[in-house]
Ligand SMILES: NC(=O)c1ccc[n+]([C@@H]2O[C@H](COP(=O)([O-])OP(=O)(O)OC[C@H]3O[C@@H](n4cnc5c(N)ncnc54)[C@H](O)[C@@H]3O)[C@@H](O)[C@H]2O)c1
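Before any questions on binding or motion, here is one chain by itself as structure tokens, the form predicted alone.
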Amino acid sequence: MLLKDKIAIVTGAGTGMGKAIALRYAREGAHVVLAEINEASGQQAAAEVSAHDRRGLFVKTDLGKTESINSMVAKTMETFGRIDILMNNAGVTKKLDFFEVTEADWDWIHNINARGVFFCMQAVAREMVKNKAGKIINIASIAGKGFRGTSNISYAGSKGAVIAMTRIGASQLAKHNINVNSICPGATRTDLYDQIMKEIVQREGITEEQAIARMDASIPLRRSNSGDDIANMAAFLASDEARNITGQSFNVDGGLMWD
């Protein structure tokens, strides 16, 4: 077990990559706090974590509100007394062309994807500093490195911010023995992926099967990610096997991007 008896927070843990990561952490021996805004999916995922003989604690959390983040961290400390791992996974997007992005779209995307990620990092790091140890992993995206097929320019900007915050966070938290890294997924089969595929279908008048086939054909390995592909990297980065890795942004994308 890579994470035996570790205490992990996974944001956006109710579905998709977040749920896959939460379950993988449980299989690796961690107790998991599932920070999720959707109560039904959060409770279900927590029950599945608990089925692995690990404690799964659902905490309803809105990453767009700092007070909600602080409350979630306080609940984690009250329950477990420490935090070993933060998996910053929650994020939002939708398919928008350059001239379609509105101020409301920009604020919504950056509030969750950038602002929420930072204040979650900050709140958790305050607790990790007390134990002089911790692993913070942020979900960025190859969009943050300029992937042309991004859902929209605001999303790409928000994920570029995550990559930059990962580097600065790693630099400034290293003296406290806290590692900070990010994962940059490519096309990953989640609810968000399905939503974007449906938006492409509506905009371009093609079938969903054609949209998915076109996406997979653009990937050198000819396959999009499953949630488990991301969870594999998330488990490694959270473990002691990655103790000397920090400030890095790892692509998991079937070969779409080179850096």
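All residue numbers are counted from 1 along the displayed sequence. Remember, predicted model here, so these are calculated numbers, not experimental data.
There is also a form predicted together with the named molecule; it is not shown, and the following applies to it.
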- Item | Among 49-57, 204-212, 189-197, 23-31, the region lying within 4.5 Å of the named molecule in the model of the complex by heavy atom distance | 189-197
- Message: Does the named molecule, in the model of the complex, lie within 4.5 angstroms of each residue among M17, E36 and N89, using heavy atoms as the measure?
- Response: yes
- Contact test in the model of the complex: A231 vs the named molecule, heavy atoms, 4.5 Å: no
- Message: Is G169 part of the interface with the named molecule in the model of the complex - any heavy atom within 4.5 Å?
- Response: no
- Message: I'd like to know whether G134 contacts the named molecule in the model of the complex, with contact meaning heavy atoms within 4.5 angstroms.
- Response: no
- Quick one: is I112 in contact with the named molecule in the model of the complex, heavy atoms, 4.5 Å cut-off? yes
- Using the arrangement in the model of the complex, list in sequence order the residues of 222-259 with any heavy atom within 4.5 angstroms of the named molecule. none
